[in-house]
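We begin with a single chain expressed as structure tokens, specifically the form predicted alone.
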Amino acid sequence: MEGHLLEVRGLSISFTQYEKGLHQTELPVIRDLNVTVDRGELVAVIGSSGSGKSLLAHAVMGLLPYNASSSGEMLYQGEPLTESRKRELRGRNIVLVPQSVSYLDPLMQVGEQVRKGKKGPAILEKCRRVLGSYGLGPETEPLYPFQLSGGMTRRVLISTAVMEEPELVIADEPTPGLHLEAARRVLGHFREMAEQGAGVLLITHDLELALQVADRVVVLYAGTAIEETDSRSFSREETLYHPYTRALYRAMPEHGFSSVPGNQPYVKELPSGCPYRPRCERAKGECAGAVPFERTDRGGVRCLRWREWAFGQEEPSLREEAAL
């Protein structure tokens, strides 16, 4: 069986911060994160602001800030994704569609940016074809970024990414500021990339939109992956195994728009054990201890009591089946 296109194993990221003069502290913003992306697959990483999801994109691309340190392992096509290999693949085999439109040069015309300065009839034709595939005609090429609408800017960013025909596309919050229909169109473009054979890692806070295009969903909470499941699991609350994932389900408009008291903890105020424990109505004493990420019949979950959520009781036959 062919291996994963991208495999992230046990990724942990921390930031060095100085307090009160030279006193140094380490802030663990991502802990023990595992993510895989296969060819032809769109994987959505879901999390609220501050959950650490964008740092995953920066880690894969080799763009972490200078005061960040990381551990764990990343593999690309089965080979270690070292810093030198990231530099070699970045912008070619692996591309980032960034969150901020400021990545576009305000003083350069759209066509030049999409072509990355290359010239020649073949490049010009490819640029026109790529822009056209996203509904941007030849009249877009001489425009500057300030002359574009929000939706057009997002599509230009996508065009600059696909010019290299990448194998892995990382989209970091590609829909902020867009109205619903424009956001759906943008995510539809990433779905098309996956269907054409690329692996797509979509990082977003918008669960409802992500479920329209994703094959699998990884849910982050306070820097920890608390559940991985296929998108079809969100058709019913009973097929979601972590209490936070179920809370996200109930918070969707079509499921009651209900909320859970409390907030995601700041990295300096993380509780021991499960980070969701202070807000979980089913938490018990053991939830303050180590909580491993266990494989399930639908993916994986970081919860000591997930079998109660899944089956209502811990029947040995069901427990053994879920561990397969």
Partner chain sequence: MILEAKTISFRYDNGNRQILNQVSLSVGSGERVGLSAPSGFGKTTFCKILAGYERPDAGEVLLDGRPLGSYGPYCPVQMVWQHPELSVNPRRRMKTVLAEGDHIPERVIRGLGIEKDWENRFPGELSGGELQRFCIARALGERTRFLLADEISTMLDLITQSQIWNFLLEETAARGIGLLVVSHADGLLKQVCTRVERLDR
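Everything numeric here is computed off the predicted structure, so don't read it as measured data. Residue numbers count along the first chain shown, from 1.
Keep in mind the form predicted together with its partner chain is missing from the figure; the text below concerns it.
Problem set entry | Of G72, G111, G132, P176, the one that lies within 4.5 Å of its partner chain in the model of the complex (heavy atoms) | Selected option: P176.
Exercise. Has each of S48, L180 and H205 got a heavy atom lying within 4.5 angstroms of its partner chain in the model of the complex?
Worked result: Yes, all three are in contact.
Exercise. So in the model of the complex, does K268 come within 4.5 Å of its partner chain, heavy atom to heavy atom?
Worked result: K268: contacts its partner chain in the model of the complex.
Exercise. Given that the partner is absent here, does G285 sit within 4.5 Å of its partner chain in the model of the complex, heavy atoms only?
Worked result: So G285 does not count as contacting its partner chain.
Exercise. Is P261 close enough to its partner chain in the model of the complex to count, meaning some heavy atom within 4.5 Å?
Worked result: Yes, contact at 4.5 Å.
Problem set entry | its partner chain contact at R279 in the model of the complex, heavy atom, 4.5 Å | Yes, R279 is a contact residue.
Exercise. Pick from 188-196, 133-141, 248-256, 119-127: which stretch has non-hydrogen atoms within 4.5 Å of its partner chain in the model of the complex?
Worked result: One stretch meets the cut-off, namely 248-256.
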